[in-house]
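What follows is a single chain, given as structure tokens, in the form predicted alone.
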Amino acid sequence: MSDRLTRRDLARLLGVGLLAGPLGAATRGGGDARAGTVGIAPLAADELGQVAASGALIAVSAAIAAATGAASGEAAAARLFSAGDTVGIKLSCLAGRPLSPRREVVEALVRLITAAGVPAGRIIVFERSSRELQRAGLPLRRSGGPYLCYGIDNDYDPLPSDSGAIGSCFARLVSTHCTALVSVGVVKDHDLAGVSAGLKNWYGVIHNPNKYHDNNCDPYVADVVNHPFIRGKLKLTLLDGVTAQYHGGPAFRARYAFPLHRVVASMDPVAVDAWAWRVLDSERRQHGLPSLAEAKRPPRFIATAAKYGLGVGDPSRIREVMA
């Protein structure tokens, strides 16, 4: 059940009481100190599968604070975004409402970005198509409101550009319009890539993703994210892990969905996908299924992305910071 937040509520929730748990020296500070750091906060749904806006704000704030080492979600957002930015928030809505980022989670992130000084008209929540956003329960809006929300809807660059093994026309939102980007995904299995979380979400900004699914989508996922249009602008990955899916993806399969009850954030887009891989393999084992590697669909692109310097892919180097 969603509930409305007043400005007084927002100030209270963003202030004291939303500090992340104590961080060790390795996770304080900036630069490389945040590589491999994944912030995790609890967020459970009610019996109808819904979350309250106030609970989502607390969880998103705490996860981002934990990921960045900031004192609060508001302080973390101020580190990541400036008032002059145009922020694009790419959602993963292919699976429909049961396994897409919840509106309450998305709007919690928007509130933090707004608190960092970014005007509402320069916060754009988007997906490959407006239809996918509507199916996921997001309101379409090209003007007004607390944020804009619309699909790419075939508005791509007229000419392709290359990155590694890909040659694609990128969405003009990403190539030209936005100065800062956020990937907001879910934690789910993918029948070819193995994992669909934060990195593969960026397949939704190229005009020809159907060409790039061989070899478990490797190196193609990493090549898309390594393009300067994304690599140079990507500030944060946020995963709505309230519900996850360990098999049968990328479409929603109710029989394989499970309550993970987490919101996960990282400035390291590789580490957060490596974390999701570990979670999915653990759940698969509990249900008597082979690991993703044993099933011949390991997310190879994670190691490739790490090789490109996009983040940390070695599970032994990933630091979970619980909020």
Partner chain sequence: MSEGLTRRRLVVLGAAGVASLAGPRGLAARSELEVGKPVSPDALPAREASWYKRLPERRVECQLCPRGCQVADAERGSCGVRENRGGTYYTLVYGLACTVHVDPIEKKPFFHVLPGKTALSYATAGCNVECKFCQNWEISQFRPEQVRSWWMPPKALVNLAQRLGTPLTAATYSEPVVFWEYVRDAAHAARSAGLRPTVVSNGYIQEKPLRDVLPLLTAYKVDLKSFRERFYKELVRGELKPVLKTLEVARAAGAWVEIVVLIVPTWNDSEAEARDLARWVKTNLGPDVPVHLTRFHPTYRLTDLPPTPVTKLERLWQVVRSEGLHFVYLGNVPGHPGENTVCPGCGATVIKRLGYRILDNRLKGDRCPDCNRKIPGVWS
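Keep in mind the model is a prediction, meaning the values are calculated, not measured. Numbering follows the first chain given and starts at 1.
Separately, the form predicted together with its partner chain exists; it is not shown, and the next lines address it.
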Between 172, 97, 213, 235, only one gets a heavy atom within 4.5 angstroms of its partner chain in the model of the complex; which residue is that? 213
Partner-contacting position among 117, 139, 167, 146 - heavy atom within 4.5 Å of its partner chain in the model of the complex: 167
In the model of the complex, segment of 103-111, 76-84, 190-198, 173-181 with a heavy atom within 4.5 Å of its partner chain: 190-198
Contact flag, residue 128 vs its partner chain in the model of the complex, heavy atom cut 4.5 Å: yes
With the partner left out here, check for me: in the model of the complex, does some heavy atom of residue 258 sit within 4.5 Å of its partner chain? no
Is there a non-hydrogen atom of residue 207 within 4.5 angstroms of a non-hydrogen atom of its partner chain in the model of the complex? yes
Answer with yes or no whether residue 156 is in contact with its partner chain in the model of the complex, where contact means some heavy atom within 4.5 Å. yes
